[in-house]
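One chain follows as structure tokens, the form predicted on its own.
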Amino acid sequence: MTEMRLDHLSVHKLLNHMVDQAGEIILGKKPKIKLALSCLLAGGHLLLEDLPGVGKTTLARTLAHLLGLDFKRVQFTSDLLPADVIGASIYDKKSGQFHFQHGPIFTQILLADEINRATPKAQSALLEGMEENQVSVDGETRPLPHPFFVIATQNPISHIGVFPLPESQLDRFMMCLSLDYPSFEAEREMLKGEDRRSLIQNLSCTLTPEQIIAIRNMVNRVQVSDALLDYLQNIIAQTRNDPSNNGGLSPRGSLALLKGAKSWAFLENRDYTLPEDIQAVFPSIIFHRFSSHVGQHDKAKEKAEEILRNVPVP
């Protein structure tokens, strides 16, 4: 199915089917699954911050399987080196030459598991790839596969043995989500059923890489009115006027809010954005960008609601 044959209705059905399938694995979390998917379709990267064992890795594997994308996982530890992520040139005795050995970053979906257990030097190995879709090794620039999507998980900063991500790296993640504990009903269904990860292989691939690229182009064409841009900029100004917000949203954060809103509107089967689209993605955009709220999702959510209350809706 090429871009020319894609239409909003057929894509909407495909994406809804994907969310439904993922919801059979990650029980009771369809809104979070939808946000994660909107992040991918907007061309961003996703940070999942929560306690161990709530389904962060399972969500990453589920999305990779449904999207039909190449998937690799790196367990970030304190002794991880940048070369363990990017790769390195290895000397071949037979040829007498160095050959580049590709690291796990050369994939379409990279799961950086427990990213904040590695040192800042190892964490920084992802920076260029996340921003430029390329890596530089030994003076040579090497392109990454397209699409390229990083899903990173991290434990709360209160846990022992973690290195907080620098603000420059946090800002490169479009969204940050917390899955939280399942509801009573969802946990009961999980306890009575099969292991959730074993069910992933039963899912059918919904999209191809080429279709994902085509859908991203469709998302980029979602219309945004001047009145909505005024609303978005007023929200951004509100974040910057509060000294407790660590300077407020950066220009990169502003673009993330716009792209996220367009992607959410597309998932709602619209080719135009509404204030509700901005409101839906706003909390996930600011969770990690206000350093005083990193690891405190309840406080970040309250701050997001306060900011939205203070900005008139057009």
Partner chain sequence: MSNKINPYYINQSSTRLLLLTFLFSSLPHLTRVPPLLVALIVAFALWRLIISRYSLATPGIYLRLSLIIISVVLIFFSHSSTIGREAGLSMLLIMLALKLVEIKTKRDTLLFLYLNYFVVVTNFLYSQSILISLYLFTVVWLITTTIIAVNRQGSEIRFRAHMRVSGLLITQAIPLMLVMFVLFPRISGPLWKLPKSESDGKTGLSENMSPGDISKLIKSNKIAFRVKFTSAIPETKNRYWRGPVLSHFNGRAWTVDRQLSRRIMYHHPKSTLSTYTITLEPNYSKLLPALDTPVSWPNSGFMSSEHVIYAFQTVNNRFQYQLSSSNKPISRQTLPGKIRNRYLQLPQSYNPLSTTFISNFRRQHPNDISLVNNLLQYFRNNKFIYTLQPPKLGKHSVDEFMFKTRRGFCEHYANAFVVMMRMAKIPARVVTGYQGGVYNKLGDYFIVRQSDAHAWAEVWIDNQGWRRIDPTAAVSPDRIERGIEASLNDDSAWTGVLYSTNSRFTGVALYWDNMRNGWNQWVLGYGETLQNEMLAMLGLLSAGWLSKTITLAVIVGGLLLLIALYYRYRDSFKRVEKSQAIYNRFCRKLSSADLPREPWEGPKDYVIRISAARADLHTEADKITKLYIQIRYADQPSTEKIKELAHYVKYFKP
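Positions refer to the first chain, counted from 1. Here the structure is a predicted model, which means the values were calculated and not measured.
Absent from the display: the form predicted in complex with its partner chain. The rest refers to it.
- The shortest heavy atom separation between F148 and its partner chain in the predicted bound form exceeds 4.5 Å.
- Though the partner is left out of this view, L199 does not reach within 4.5 Å of its partner chain in the predicted bound form, counting heavy atoms only.
- Q101 falls outside the set of residues with a heavy atom inside 4.5 Å of its partner chain in the predicted bound form.
- Using a 4.5 Å cutoff between non-hydrogen atoms, D70 does not count as a contact of its partner chain in the predicted bound form.
- The stretch in contact with its partner chain in the predicted bound form, judged by heavy atoms within 4.5 Å, is 262 to 270, chosen from 262 to 270, 57 to 65, 41 to 49, 248 to 256.
- For the candidate set V74, A214, L228, A122, a heavy atom within 4.5 Å of its partner chain in the predicted bound form is found for exactly one residue, namely L228.
- Proximity to its partner chain in the predicted bound form, defined as a heavy atom within 4.5 Å, singles out one entry of V224, A186, A237, V137, which is V224.
- Applying a 4.5 Å heavy atom cutoff to its partner chain in the predicted bound form picks out P275, E276, Q279 from 275 to 290, in order along the sequence.
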